[in-house]
Every structure is written in C-alpha cells, then in structure tokens.
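Listed next as structure tokens is one chain, alone, in the form predicted alone.
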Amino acid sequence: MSGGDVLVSARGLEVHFPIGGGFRRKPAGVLRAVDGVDLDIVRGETLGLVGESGCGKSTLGNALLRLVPTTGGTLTFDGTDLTGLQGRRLKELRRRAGMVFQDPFASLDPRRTVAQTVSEPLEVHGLRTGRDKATRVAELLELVGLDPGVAGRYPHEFSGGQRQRVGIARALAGEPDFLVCDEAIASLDVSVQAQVLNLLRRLQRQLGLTLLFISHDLSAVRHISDRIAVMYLGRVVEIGPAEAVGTDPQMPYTQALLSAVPLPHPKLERERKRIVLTGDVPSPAAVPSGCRFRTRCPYVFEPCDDVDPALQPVGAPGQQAACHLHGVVGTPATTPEGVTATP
C-alpha cells in the first residue's frame, strides 16, 4: 500500500462481534465492524482515517492497539506479530503506542489529579519514580502547552481543550512511537480544534511520532494528514496522498463525502454540484454482496452486484481505490451508460 519503513501493518484484519445469543445459546448473527482491512502505516507519517459514523474507524484504531480482540487476519508492529502476543511482551510493545480519546472529560478519572493521571503510564511501565516522576510530569505538561503548576488540579477545573491536552500528555508519557487519535477534536469548539490540530502536528514533527488520526471531519484530516484512508462498512475503499484524495477522489463514496464539505467561498459554494446519496448505510450485520457501496452508489452497474472490488492503483502515484469503474489499472473505465469514475 505504501513505501518507506512500515511501522504498523494489517493484512485481512477482521473484528466481528456476535449478535444475540447468551448462556448456552448460539449467536443469531455476526456484526462485521472491521471486515478484511489491509493497511500499512509508515513510520513518521500521519495517516487520516475518515468515513461515516458506524463505518468501523474507531474499532480499527482499537484493534491496531489490541484493545479489542481480532477475529481474523494478521497485525504487526515494527516487524513483531501482535496477533497472538500476550503477557509481558505485549505490555512492552503497548508502551510504544498511545491513544487520545474523543471525550476528554469521560476519558479522565474525575477523582485523580492531573499529576496522577499523567504519571500513571510512568508507574505501570516502571519508567520514572520519586522526584524523577514529578519532573517528567512537569515536562509533559509543558510539552502540550500547559503550566506545570496545574498538576494538582482535577479534570472538572479545566476547559475541554485543556482536558484534551492532559489526555495527550498522558498518551505521550510512555514515550510512544505510534499514537492513535480517535475523534480527538470532535467534542471541542472550532477555535480549540485548530489549536489541538496544530499541537498534534508540532508533536508529530518534534517527537517523530507516527499518527493515525481518526475523524469524520475531512477538512481537519486534510489539514493534518500525509495520507488519507477512507472507510466504508468495515473496509478501506480508498487510500492515497492527502492532496490526491482531497482534490481528485477516485471512489464515488469519497466524492460524495467531499461534496458535503462546505467551501469558504460563497460563490463557489453556490455553484458547485453536490452528490446526494440515496438510502441508508447497510447494517454491518448484513453486508451487501459484491461491492458494499452498490446500494447507494449513483454509478452502479453489472459487476457491482456480484464482485467485491479490491483496492487497485488509480489516479496519482500511491493512490488506490476499490471500484469497478476503474476497469484498467490506473484508468477509469466507462460503464455501459457512459458514466466514468469522476462525475
């Protein structure tokens, strides 16, 4: 999927949850939250992951950190297979990964001070003790733009943006190589969102972090990401350089997402053509046959009903899309009705 030094790699990754059932009862079905994802995240890059609510973005992020069990496929971190890893070895590798959660208030223990919250990873992994621990907490708070003097305060004494900075400091305490930001700006005011995005960009450059930035906000993803991956119904349907995916999407679903992003210029906003998808997103418990986007795609034609398209090179170098409209590698194919991949 990408060149360079791959830090995190998934092949055919699946996370399925049983539906119904119970004690001595078989499940009534399976919810396919993540359904065969192939993904490489290059060391030092920021990969944006976008898609509608319920498409499996957060579940994929949790799976990459082994916070939820996988039901299929393989997962490697810096060359080490995480699929069956347990005990001390898994704990050692987990120190090298951190997570920033969506709700900075819910993710912080209201009964613990900032110092106690930020120092917890230091204690769990035995990184610092005594005065060294307090010194490190002060360094982390300064790193995320907070006064070390707030270390004795509790979460309710902070604004949403400040609480998210505390969450980022906690995620950095273990000195990770890989950071998953799961809707890290979704619950913040717009002005504060920009501050947190700029903070993450600075930290990524300063510390050499590898970021997976999960969001439904395409504008924010384009601002922070080197590459963008688009998910639909448990599967990555397009991936490529942020500029290419943001300006010349090759998958109809990505085109529809981008057409919903407001433009800052009033005239351009009035004149542009929106792509309005019909129907609802199918349930992950009943994924359509063939292309999973075919029930809402405006360009559906014969192959879409039966054949599930694989990612293939299209558009710019490094860009891939899973769509039958691209019949020849790198070249949009014309459907029987004369519709091409780009409306």
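One rule holds for the numbers: they count along the sequence shown, beginning at 1. Here the structure is a predicted model, which means the values were calculated and not measured.
What comes next is about the form predicted in complex with a small molecule, which is not displayed.
Judged against the small molecule in the predicted complex with a 4.5 angstroms heavy atom cut-off, the residues 31, 58 and 284 are in contact without exception.
Heavy atoms of residue 52 reach within 4.5 Å of the small molecule in the predicted complex, making it an interface residue.
Although the partner is absent here, residue 183 sits close enough that one of its heavy atoms falls within 4.5 Å of the small molecule in the predicted complex. Partner proximity in the predicted complex, defined as non-hydrogen atoms within 4.5 angstroms of the small molecule, places exactly one of 287-295, 302-310, 58-66, 272-280 at the interface: 58-66.
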